[in-house]
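One chain comes next, on its own, written as structure tokens: the form predicted on its own.
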Amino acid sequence: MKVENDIISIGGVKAAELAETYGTPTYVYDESRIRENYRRALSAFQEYYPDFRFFYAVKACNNPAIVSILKSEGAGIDAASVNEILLAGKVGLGGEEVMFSGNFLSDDDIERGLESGVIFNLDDPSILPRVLKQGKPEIISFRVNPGYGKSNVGDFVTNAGPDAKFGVHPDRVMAAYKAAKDAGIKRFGAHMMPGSCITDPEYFSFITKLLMDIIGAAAKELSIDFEFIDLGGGLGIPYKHDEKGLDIKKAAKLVADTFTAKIAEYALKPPRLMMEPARYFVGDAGYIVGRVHSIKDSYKRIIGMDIGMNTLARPAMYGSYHHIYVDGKESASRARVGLCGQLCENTDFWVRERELPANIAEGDIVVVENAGAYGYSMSYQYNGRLRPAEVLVNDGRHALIRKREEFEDMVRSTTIPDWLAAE
């Protein structure tokens, strides 16, 4: 995104043009930035450990156009559900190009996962007997909870450690792999969730050591080889302008050094090293373009706009920060105001106080930064406010990649029973 003479543009397209063409609110993604982020990270890790691959955690931004971009760069897919496996298939990825990392799987999840031939990454060993009852996967991975987790976006998304819902307790990992081996499984992988939005390079080395000590002991005791070790996601981005971003090259080197040392320590056959980021690829490549509709002066000044917690849930859920710009007014003097969406919920007062241009007015175009990850994918219908459009931009070009929802979408799957219709 650029701001030149107060005019905001994304991917070479003016925000005002996007608002005029597609309406508001609209999610906008910069294709060039996604590719740049992916290539930067891949180059860093492959420099220090050549047998390295990324799987994209599609839950963060599931538009097929975005998934296609990352597929074209060489990414596999990390799928949290059967529908995300189907989404991977829609863009031409299947089998062992897809990691199925769902948790608390139903029998139907298991059946359809087996039919797809994807890598099963089991969140708990209690699921294994139910999987084996329906079939035998070619390869089994367990998601390990290394006993420690970290998050830069709040305790809600730590994802590892004693309070997390994810992963196998370290004391149960050995038994999990033994059960898989005893069942005749011959190919193995391992996985963890290290945390969320981490910008400390040393942390990735620390958490890699924890995982490798757990996995190394299992490999040695059970005489099994691991084809891959997946360090999960967690590569962070700065949301506030005074935050320091992740030094990706330093993180990659520290991880590779630790990984290589542990391979030697436990005399492992060198496995493929993998990660499954999402936010790092798409977070700072996505924006929301919205419009101010009303300004309310009450106990405080509230800017009423068409971006609310139904459009961007993270601030209401986590208290997360997203920087906000006003097109054409960025050089104006500032005043402290609040921002609200259009929902009948006080939690839709999603920014309580923020320094914004003092002359902000009805009709102004507003741009919300760093909305590419867990933005549209966590949006929802409420109060009859429907999901926004999605647009891809690239070097001055722009295209609609998801239509804005309409009333028919809200009622599409509903029916009225005959006895009510008769009344």
Ligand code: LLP
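Please read all numbers here as calculations on a predicted model, not as lab measurements. Numbers follow the displayed sequence, beginning with 1.
Although not depicted, the form predicted in complex with this ligand is the subject of the following passage.
Out of the stretches listed (189 to 197, 207 to 215, 342 to 350, 112 to 120), which one is close to this ligand in the predicted complex, meaning heavy atoms within 4.5 Å? Heavy-atom contact with the partner occurs in 189 to 197.
Contact with this ligand in the predicted complex for Ala389, defined as at least one heavy atom pair within 4.5 Å: yes or no? Judged by the heavy-atom cut-off of 4.5 Å, Ala389 is well away from this ligand in the predicted complex.
Give a yes/no on whether Ile365 approaches this ligand to within 4.5 Å in the predicted complex, heavy atoms considered. Ile365: no, not in contact with this ligand in the predicted complex.
Test of understanding: in the predicted complex, would Leu356 fall inside 4.5 Å of this ligand by heavy atoms? Contact with this ligand, no.
Given that the partner is absent here, does Tyr38 sit within 4.5 Å of this ligand in the predicted complex, heavy atoms only? No.
Please tell me whether the candidate spot formed by Ala57, Arg279 and Tyr318 is one where all three residues come within 4.5 Å of this ligand in the predicted complex (heavy atoms). Yes.
Considering non-hydrogen atoms and a 4.5 Å limit, which listed residue (Ala65, Met378, Leu42, Ile360) is close to this ligand in the predicted complex? Contact with this ligand in the predicted complex is made by Met378 alone.
Which of these residues, Ile288, Val168, Leu235, Ala75, gets a heavy atom within 4.5 Å of this ligand in the predicted complex? Residue within 4.5 Å of the partner: Leu235.
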